[in-house]
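The data below hold one chain only, encoded as structure tokens and taken in the form predicted alone.
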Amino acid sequence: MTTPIVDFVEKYDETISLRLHMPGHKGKCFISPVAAVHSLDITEVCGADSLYEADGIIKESEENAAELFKAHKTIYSTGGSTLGIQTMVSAAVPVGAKIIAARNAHRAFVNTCALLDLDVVWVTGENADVISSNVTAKDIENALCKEKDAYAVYITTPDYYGRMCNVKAISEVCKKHNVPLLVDNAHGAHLAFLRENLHPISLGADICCDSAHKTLPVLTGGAYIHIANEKYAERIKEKQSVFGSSSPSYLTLCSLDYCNFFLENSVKEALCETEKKMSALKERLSPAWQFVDGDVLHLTVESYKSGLSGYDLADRLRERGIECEYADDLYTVMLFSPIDNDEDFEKLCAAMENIPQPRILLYKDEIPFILPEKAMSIRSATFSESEKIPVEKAEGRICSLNAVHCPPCVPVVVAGEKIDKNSINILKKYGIFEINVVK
């Protein structure tokens, strides 16, 4: 498979001796540790194409990606899945309309709804918490039967713990009701290349976005927007240009371009080996370590069942030179990729084998997640005059800015919702002790 963006940038670096254009570093290194990147960091010079009006090398590379992911159309994002979420929501839902969404949505979705003045109908499944909504096809069916004027359904899968929704079943419900299914697949770019293709596009989603940089060898900010329903393909670039920077990173575009080569030639074998290594790791570790079922690249430890909080386990791994993706009071999340090798798995295994486990079940904080009362629209609350106050004094006040713990950037309280005692307890659980409220 060709790598047109990489080829162009390398040739440009070799042939142009004086750059009288941005970026201001002019391809010259003044920071030695990152010398290699400066000469390859360019802008939209002649022949380099333009991300939002792509008709040259970027278009060719995106078409390569679409072929690999089996999408009708794939476009690149250098603004991560945040730009992907903004693009796909604005492409599918008119300003001021209604959208049904699983509650564990990233704040990028909520902020997009504020900008578009969308009316969000939140859906949660059984035993839902902030990060995992556990939404089923039945939950979506019930919502669509009740909200007949909804324009789209929006879900997040895999979630931050690696748990996955039944996209195929949910997509069938959406098709029955003639509404598009939008999927935040930020943690699942690799799903198209497993032995069983579990990518949302292959399972019936109309549009989805993937953060390529999360589980594939791509620079931070590199992402895909995949379109299966050609109804949304024609103007998708126009929608993207409304939200995206007019100076997209060519370094990130190069990494997306070269990733196509990796996806065509190496990723399936690498993921197969990663699955084997993950299984071997779990079998080797003490049964006292228990794990969340879900995506193969998420190793989510139910730390509290081994007598440690998620924070404790993350701290002890950090002492051994291992940094985790995420931790809270119950879970520790480690995110792998097809690049991780035998040595990486051995290092983690050795570290966990040497971490003492009290082997008692810590008290699991069973604070129920109950949707707070909606008092204002997301847009009105977001753009209202606000003030920051301690959460202890916030009962009865209206949230003005999504209260999130980052990562995972999933709001505990959404802008426009009235803060209650239950919300305050959950906010404290996630280490949020101040909150912005409508003044």
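Heads up: residue numbers just count along the shown sequence, starting at 1. This is a predicted model, so every value here is computed, not measured.
Heads up, the form predicted in complex with a small molecule isn't pictured, but that's what we're talking about next.
J.: Applying a 4.5 Å heavy atom distance criterion, does G204 contact the small molecule in the predicted complex?
T.: Because no heavy atom of G204 falls inside 4.5 Å of the small molecule in the predicted complex, the answer is no.
J.: May I ask you to state whether T82 is within 4.5 Å of the small molecule in the predicted complex, using heavy atom distances?
T.: Contact with the small molecule, yes.
J.: When the contact criterion is heavy atoms within 4.5 Å, does H187 count as touching the small molecule in the predicted complex?
T.: Close contact exists here: in the predicted complex, H187 approaches the small molecule to within 4.5 Å, heavy atoms only.
J.: Heavy atoms within 4.5 Å of the small molecule in the predicted complex: does K73 have any?
T.: Close contact is absent here: in the predicted complex, K73 is far from the small molecule, nothing within 4.5 Å, heavy atoms only.
J.: For the interface check, one of 250-258, 196-204, 302-310, 179-187 should have non-hydrogen atoms within 4.5 Å of the small molecule in the predicted complex; which one?
T.: The contacting stretch here is 179-187.
J.: Name the single residue among R163, K237, K277, K214 that comes within 4.5 Å of the small molecule in the predicted complex, judging by heavy atoms.
T.: Selected option: K214.
J.: With the small molecule left out of view, choose which of T156, T112, S132, T332 has a non-hydrogen atom within 4.5 angstroms of it in the predicted complex.
T.: After the contact test, the surviving option is T156.
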